[in-house]
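Here's a solo chain for you in structure tokens, the form predicted alone.
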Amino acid sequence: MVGLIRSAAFLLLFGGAILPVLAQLRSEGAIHNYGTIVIKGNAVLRQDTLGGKVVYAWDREGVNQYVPHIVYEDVRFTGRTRKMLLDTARSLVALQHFESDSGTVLRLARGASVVARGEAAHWGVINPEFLYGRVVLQGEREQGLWGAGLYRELELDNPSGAQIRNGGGFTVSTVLELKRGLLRNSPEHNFRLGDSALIIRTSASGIAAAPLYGRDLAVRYVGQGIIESGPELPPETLPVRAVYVENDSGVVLRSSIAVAESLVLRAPIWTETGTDTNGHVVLTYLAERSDPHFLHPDAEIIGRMRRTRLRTDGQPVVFNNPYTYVQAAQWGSIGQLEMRVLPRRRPWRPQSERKVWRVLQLRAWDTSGGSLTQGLNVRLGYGWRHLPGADRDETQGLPVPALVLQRWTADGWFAAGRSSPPQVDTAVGWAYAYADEVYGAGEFAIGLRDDARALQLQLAAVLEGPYRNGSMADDLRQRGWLPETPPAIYPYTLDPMRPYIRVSPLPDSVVDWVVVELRTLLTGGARYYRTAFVRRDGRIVDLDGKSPVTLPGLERGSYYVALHHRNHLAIITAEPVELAPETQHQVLALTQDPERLLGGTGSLRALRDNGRTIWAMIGGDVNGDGRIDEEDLRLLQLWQHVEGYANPDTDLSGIVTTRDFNVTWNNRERVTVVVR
């Protein structure tokens, strides 16, 4: 039958009979099909369901074939004519079989969909000009899926799952949504994901094997319950563009992954669980100038998180939660950092009774991939769940204001840098703080300040300029010219904490500010700086004006000790000095034996006092460049009679006089042996 077929009542087609329609099929009644209808024109069908096989086979380029959205028992598409599926009010449903031939184009309107409840063999192309067009697998028994066609959006919503057969070969270019059931693929029967595709997955679904991944894949987890990750996530050697954890209970990672651009969490990600503490799984975040987004107080990464590209804009590099970060003005040799955070765990080391129940570990690597344990000099931010009375509370009744960051060493828990006073955000149930001058990696805890030990250094030295009659003069302090914050000049700018130092009132007997430096090597290596005071009696003391210099975060070991002053030549020990708890009572006096210093007597000035020799740091380096020369003398002439806190005042009297000129002149051509 060729031409227009109209059906006002019904049309019967039995057995293997084929009804070819070469123009238009328009039915106002019912067609009872038990054979095959081949439609080579447009069709208008008013009935809800059409049995048998229906083939839309118009094979003419440049025209469209409009397809009714009804329920078909078996529907197939062939021919070059574009098949138009434009009904957004209802889906086209295939009960037993859905198939398209190679070269066939299906044009689905936005919001339109095809629902396959049986087999699906797709060889054609859906919406070549657009990124939408949904096909849904929605059977009750396992469905078969094959063909080398192009899907834009493929959805699995079948609790019995779907089996890829006959080698598979199709591509999902935009969205693979796994709502219910297992998509059973294998290396022999597989499919491909397009570049920038998105996988959406719930806890009731999954994928059996790794697909052929495209570039820039994104994965979104939705729905209820905990989801264990599977092959929807590529291995860490193939970074995923973005991961969104939007399900209510979070995701357990079963293998290491790398995220290139975006990580958004409304619930936790576990790289290790309570029963799995081997810590081999790592989430690596590759973005430099963006950080993970935590959209719920419970959202954090539990386990290991690594950052391989560290921010160069001075902003914090955020890790496992919004309060855990590492920050540095310059990273130096640091190339990568990794944080391991385990909530609700008492630190494993001894003496952990008065600690917050949260494990923190920091690892670092240099730019060549070598492990770093010392010499970091970073700000380390940390946070913990503060929920008094709740099962998830990690504070364990400890007084929050008395808590500081501590680091485990072979000698016990020591203060890790200078901890800020903790803050509490009761709205979200977090407490948080940070510690500056964290020099070592390793294992950390949040504990009571009284339990945090720190190495100390007892040091003594003399400045030539202010030395008079057996001691140094503290004229600057007495006249009110000694600043409460070290000025922004050498050597005080060596200490990254300089801007945060303020001492008011200044302690008695303080002569001036100095900087103590510890080095692992004479040149290069790790360096540690602490700003301190030099007193009239030569003792170098901490900011309280009486205690030995504390070294929070410094691990026991051997260090070269250097001392810097703004207008005296710096000095450094000739050999490393052992710093350990058992050696802290020993005083390192740099005034008695010049052989202990690099350069010996040539690096010091001999002063006579009551028949004995005092060895002092050499004065007269007005511009602080490490040598005393014509430039220093020129500056002295420019500053004659100036009063106040000024570098040309080499005797630290508060006024530039001929005495200062004499100090500089007598030491002309002297050069420090300390390499900066």
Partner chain sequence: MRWMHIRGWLLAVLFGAVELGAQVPTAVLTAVVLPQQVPDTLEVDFLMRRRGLEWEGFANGTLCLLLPDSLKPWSVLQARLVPGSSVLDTTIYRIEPFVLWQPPVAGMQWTRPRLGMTIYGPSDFPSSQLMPWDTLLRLGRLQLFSTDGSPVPYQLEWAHPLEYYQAFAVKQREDVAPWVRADDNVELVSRMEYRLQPMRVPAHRVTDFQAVYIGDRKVRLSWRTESEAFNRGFLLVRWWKPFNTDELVDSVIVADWQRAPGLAGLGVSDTGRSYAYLDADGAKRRGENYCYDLWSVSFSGAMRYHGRVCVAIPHAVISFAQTDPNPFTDFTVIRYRLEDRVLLSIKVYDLKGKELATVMERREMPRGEYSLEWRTPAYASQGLYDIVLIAYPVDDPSVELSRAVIKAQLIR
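Throughout, rigid core stands for the largest set of C-alpha atoms superposing within 1.5 Å between the two forms. Being a predicted model, the structure only gives us computed values, none of them experimental. Residue numbers count along the first chain shown, from 1.
We do not show the form predicted together with its partner chain, though everything after this point is about it.
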**Asked** Using 4.5 Å between non-hydrogen atoms, is Tyr66 touching its partner chain in the predicted bound form?
**Response** no
**Message:** Check Asn623 for me: does it contact its partner chain in the predicted bound form (non-hydrogen atoms, 4.5 angstroms)?
**Reply:** no
**Asked** With a 4.5 Å heavy atom cut-off, would you call Leu295 a contact of its partner chain in the predicted bound form?
**Response** no
**Request:** Answer yes if any heavy atom of Leu25 is within 4.5 Å of a heavy atom of its partner chain in the predicted bound form; otherwise answer no.
**Result:** no
**Request:** Tell me the stretch among 32-40, 66-74, 634-642, 50-58 that has any heavy atom within 4.5 angstroms of its partner chain in the predicted bound form.
**Result:** 634-642
**Request:** May I ask whether Ser653, Thr657 and Asn667 each come within 4.5 Å of its partner chain in the predicted bound form, counting any non-hydrogen atom?
**Result:** yes
**in the predicted bound form, the one of Ala606, Val587, Ala329, Ala427 near its partner chain [non-hydrogen atom within 4.5 angstroms]** = Ala606
**Contact residue in the predicted bound form, from Arg479, Arg241, His97, Arg192 (heavy atom within 4.5 Å of its partner chain)** = Arg479
**Item:** Rigid-core frame, C-alpha of Ala646, shift of 2 angstroms or more between the shown form and the other one
**Value:** yes
**Message:** Superposed on the rigid core, does the Cα of Gly118 end up 2 angstroms or more away between the shown form and the other one?
**Reply:** no
**Message:** At a 2 Å cut-off on C-alpha positions, does Pro421 qualify as shifted between the shown form and the other one after fitting the rigid core?
**Reply:** no
